[in-house]
Ligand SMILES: Nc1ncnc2c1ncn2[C@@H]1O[C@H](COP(=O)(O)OP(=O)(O)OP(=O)(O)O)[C@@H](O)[C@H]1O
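Coming up is one lone chain in structure tokens, specifically the form predicted on its own.
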Amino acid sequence: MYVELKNVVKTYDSYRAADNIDLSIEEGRLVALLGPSGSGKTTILRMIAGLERQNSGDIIIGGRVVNDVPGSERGIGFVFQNYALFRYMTVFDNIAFGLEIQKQDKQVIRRRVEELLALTDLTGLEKRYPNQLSGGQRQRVAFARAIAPNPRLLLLDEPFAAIDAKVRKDLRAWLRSTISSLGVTSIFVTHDQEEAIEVADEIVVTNHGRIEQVGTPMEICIEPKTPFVAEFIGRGKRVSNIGAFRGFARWGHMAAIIQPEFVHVYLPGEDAGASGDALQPAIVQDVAFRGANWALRLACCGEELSAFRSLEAPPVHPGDPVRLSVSRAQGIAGEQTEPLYPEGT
């Protein structure tokens, strides 16, 4: 493991921002710290960076305990949420800053900066100042400056938060491709689950200063281990009685979370194929256009569910009677969850 946190605790007065954190990150991985505001994700990042000091526990980077090592000596590159570029320096000088601090030879600096300008698609902009750049360009300058000294570990704090939606989506793909080609171990903080799922090799879900689950994007989405993860990821609805839905009677009155991807909706007379025997009546409560599909809110068995419907399917409207089946749910058993499937599947 390249980065390890062992029994790390960080408190602010009586508040535990990090509560006995144990975390291991393999070298070369791109890892997302994902959670709501106040969940502890930024505190974890700042402790790894040396910007915050833990109250107890060990932080290990590259096999070295760095508890007493200043952040400037940990071999880390850091990309801040607000870019933190030097306003009165050109793009070239911003990127070169870390190399000049290291007192590198001027020719070495020039070659490295030119290499990074090409890597970040900023060639030709080296004489501009930050206020002459777009948000996406400023973020790429910040990225180039962070990796210029060849850090073994790259940390990014909400790297896309200040960028508009279209550019943010393009930058996500660019960041994943670039970090993958560089092979540098990277950790980024985000509260945007779509961003974490698209970009990361591995996701660490945080809540109230604790780690709820660590896994690949698919594991986090399909196999949530706790009720918090099951509700935080996606647009699932909690139901109080999963046994009311056809095929799930053997679980009785167990509470569960049902994601919209596993709710299948049909108009009366619409062919449901193999799902026909599992259908039960529901009423459409609301319909919202989501660009790629319709998002439905449904009333069924005294519960509220969410579902998606293709734009190519016949439209439904609020108040319409429909039929639905549920192909999977996440049952809640105390502090854990378990996957539930209808009988016969």
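One-based numbering along the sequence shown. This structure is a prediction, so every number in the text was calculated from the model and none was measured.
Beyond what is shown, the protein has a form predicted together with the ligand; the following relates to that form.
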item	value
Residue among Arg172, His191, Arg152, Arg110 with a heavy atom within 4.5 Å of the ligand in the predicted complex	His191
Residue (of Glu158, Glu198, Glu231, Glu202) lying close to the ligand in the predicted complex, criterion heavy atoms within 4.5 Å	Glu158
Heavy atom of Gly38 within 4.5 Å of the ligand in the predicted complex	yes
Exercise: Leu23 in contact with the ligand in the predicted complex, heavy atom 4.5 Å	no
4.5 angstroms heavy atom contact with the ligand in the predicted complex for Gln54	no
Contact test in the predicted complex: Leu324 vs the ligand, heavy atoms, 4.5 Å	no
Region of this chain that lies against the ligand in the predicted complex, out of 289-297, 310-318, 29-37, 63-71 [heavy atom, 4.5 Å]	29-37
Contacts with the ligand in the predicted complex, stretch 5-29 (heavy atom within 4.5 Å)	Tyr12, Tyr15, Ala17
